[in-house]
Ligand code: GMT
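In structure tokens, one chain follows: the form predicted alone.
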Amino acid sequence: MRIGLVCYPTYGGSGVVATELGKNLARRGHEVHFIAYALPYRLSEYYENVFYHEVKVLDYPLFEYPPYSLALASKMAEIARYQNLDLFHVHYAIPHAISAYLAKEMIKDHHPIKIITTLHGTDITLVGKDQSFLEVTRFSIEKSDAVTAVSRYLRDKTIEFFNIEKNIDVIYNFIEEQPEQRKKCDELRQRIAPNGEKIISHLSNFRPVKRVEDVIGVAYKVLQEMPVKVMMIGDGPERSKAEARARELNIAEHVQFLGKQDNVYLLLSLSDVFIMPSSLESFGLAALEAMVCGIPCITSNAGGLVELVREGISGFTTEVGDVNKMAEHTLRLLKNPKLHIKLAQSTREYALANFHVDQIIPQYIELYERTINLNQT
């Protein structure tokens, strides 16, 4: 198949999933065309059967806000016609799904094409349900030929928010088995925790919904009972508040803010516990990435996290904002080596058994084939 993949290319779960999906489809012999305003950050080298098309937006003084959605639609129509695409697979509803619909309408007399929209989370729970986008989000979902969501939670919320009648398939995010990096881990761990301290990690885009100050709160309570180091991986609007909170609690020397990193699997592999205290997660890709590294997760019970983190198997969940309980679970794992070893093993096994790429990618391929053959009988 020839597939046009549209995503946000910057750091974030939807772009990561789209990029890894495209690379895996290409390895299976499909031709994948990424269409975005910048090169997806996990697409930094050459991959056979993968092509990138940059969307340029006209810089014209009449436009206070450059009309990216229209430029995207025009580029999608162009690529579909001249690369003979079979379908568009757009990730994140706004504006990608509506741009796909415009492109489809523009070329329907010359090159009919199908649209699959994957919903990732804030495109529904935050942006999409805002009054300024509600109607266009509903329209773009209903006009897609097929729709997927990354969790049952997100599927149910989409139906609730928008009164959607279209069927929504749940296809979970996925991971690949990571190579052993013990030597690198040992060397890097010695630099981060030179006195043998345990390491707590967090990975996110540091938006308010991630509640990164809660991670600092957990670290503070843990430090009252044992020495630890904290790795804060990523960047975003709440980073300065978290840094200020660490200084306020006088634990800044124990907390390292590493910013955006490419090799997140290596850093996660250094950890002893991963913490995700989000007020809302439609899935929790960062937690899954920690799990495949064998790192038990302490998370909130928000949204799709309860579909990902299994109590006593891959970690523990708490109510949103319950810093005391998160710290209690963290200390329980760090102080009990036998429990930690047990959960480290079951965490990795659970992730690979339920979210391995070889289990998830065929679900997308089956959906592609079914959608392409829609109405062709």
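On a predicted model such as this, the values are computed, not experimentally measured, just so you know. Sequential numbering from 1, following the sequence displayed.
Quick note: we don't show the form predicted in complex with the ligand, though the next part is all about it.
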* Check Ile79, Leu85 and Met106: does every one of them have a heavy atom within 4.5 Å of the ligand in the model of the complex? -> no
* Structure fact -> Note: exactly one of Cys185, Val264, Leu249, Leu280 sits with a heavy atom within 4.5 Å of the ligand in the model of the complex, namely Leu280
* What is the one choice in Thr137, Thr158, Asn173, Ser144 with a heavy atom within 4.5 Å of the ligand in the model of the complex? -> Asn173
* To do: Spell out, yes or no, whether the shortest heavy atom distance between Asn205 and the ligand in the model of the complex is within 4.5 Å.
  => yes
* Answer with yes or no whether Tyr101 is in contact with the ligand in the model of the complex, where contact means some heavy atom within 4.5 Å. => no
* Quick one: is Thr122 in contact with the ligand in the model of the complex, heavy atoms, 4.5 Å cut-off? -> yes
* Asked: Is Val273 close enough to the ligand in the model of the complex to count, meaning some heavy atom within 4.5 Å?
  -> no
* Partner-proximal stretch of 191-199, 229-237, 209-217, 71-79 relative to the ligand in the model of the complex, 4.5 angstroms, heavy atom -> 209-217
